[in-house]
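Before any questions on binding or motion, here is one chain by itself as structure tokens, the form predicted alone.
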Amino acid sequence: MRLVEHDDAMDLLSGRVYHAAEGFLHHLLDEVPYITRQDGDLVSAWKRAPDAPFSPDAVPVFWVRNIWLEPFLLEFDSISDAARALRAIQRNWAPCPVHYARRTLLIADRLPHIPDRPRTFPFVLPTAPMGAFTLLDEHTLMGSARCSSPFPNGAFAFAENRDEPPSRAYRKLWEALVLAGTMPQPGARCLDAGASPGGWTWVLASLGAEVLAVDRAPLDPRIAAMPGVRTLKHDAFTLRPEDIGPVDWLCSDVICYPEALWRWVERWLASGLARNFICTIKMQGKTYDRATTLRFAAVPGSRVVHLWHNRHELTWIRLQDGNGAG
């Protein structure tokens, strides 16, 4: 079969392919209600019949690094044919080797190169479509031209600052702000709950924001001395919103049970005193509190994601203008 001559070589699928967040395939398998097949960390939920009663967006899925939004199957005769067919669709394709890894990479070698240099914060998310593909057998390719992440297989790296921030947690806030598409402006009033040792406070203050850093543990002295930073030795969760007053950004990387975070956030939502939220939902032990995660996701204007720089945790982003819904 010559792909360039046979449109029926491509079989469009109704559904999604989920690329599990690294190390958390078990959580993803618990989330996906209808699994067609599994190929390594790729979990497929699709049906070939266009009239099948299947809605891929009916159940939220969070433990992913990337979602293939419009999966297809493609039959091909040779590596050249496969590469030519992908190039005819669009420029950018990321290989995801699972089966026939060498053959997958040989196809990728015939596609345009995708730069992988570290990115300097802040930056605007790429708008060019980023596709993904893998091989199911020697002559069958599964791919998607549209994916949820603009980065190859959801992976990217920042040009890190290894001298100023006191921990590497700052990368999570960098990523969340880039994903949100907006960030604190100079003079914005920010609350950093559970701030010690100060990685998130460093990010906010570096942007020119006024930061109230709340924690029972002290901030790194270098961070506490930054312009615009004020510290309060206290348990942030015992402070009432009216004790703090209005804030433009409420940020939390507190180590706590998801339910405790939700109860605190719920008070702030009810008060109307916080415009934008970025909070880490940290799972305890090996468990996944999906019920509480769904409460966060249900807040209007929200999205819950597993950031590339997250560990056993998810990140909740809620913007006043609703852009956090993604």
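Note that the coordinates shown come from a computational prediction; the quantities given were computed from them, not determined experimentally. All residue numbers are counted from 1 along the displayed sequence.
Below, we refer to the form predicted together with a small molecule, which is not included among the displayed structures.
- Figure note: of the listed segments 183-191, 115-123, 100-108, 229-237, the one touching the small molecule in the predicted complex, with heavy atoms no more than 4.5 Å away, is 229-237.
- For the candidate set 73, 179, 254, 207, a heavy atom within 4.5 Å of the small molecule in the predicted complex is found for exactly one residue, namely 254.
- The listed set 248, 175, 81, 215 contains one residue whose heavy atoms approach the small molecule in the predicted complex to within 4.5 Å, identified as 215.
- Residue contact check for residue 167: one or more of its heavy atoms lie within 4.5 Å of the small molecule in the predicted complex.
- Proximity of residue 195 to the small molecule in the predicted complex: non-hydrogen atoms within 4.5 Å are present.
- The small molecule in the predicted complex is not approached by residue 154, whose heavy atoms all lie more than 4.5 angstroms from it.
- Although the partner is absent here, residue 199 lies within 4.5 Å of the small molecule in the predicted complex, judged by heavy atoms.
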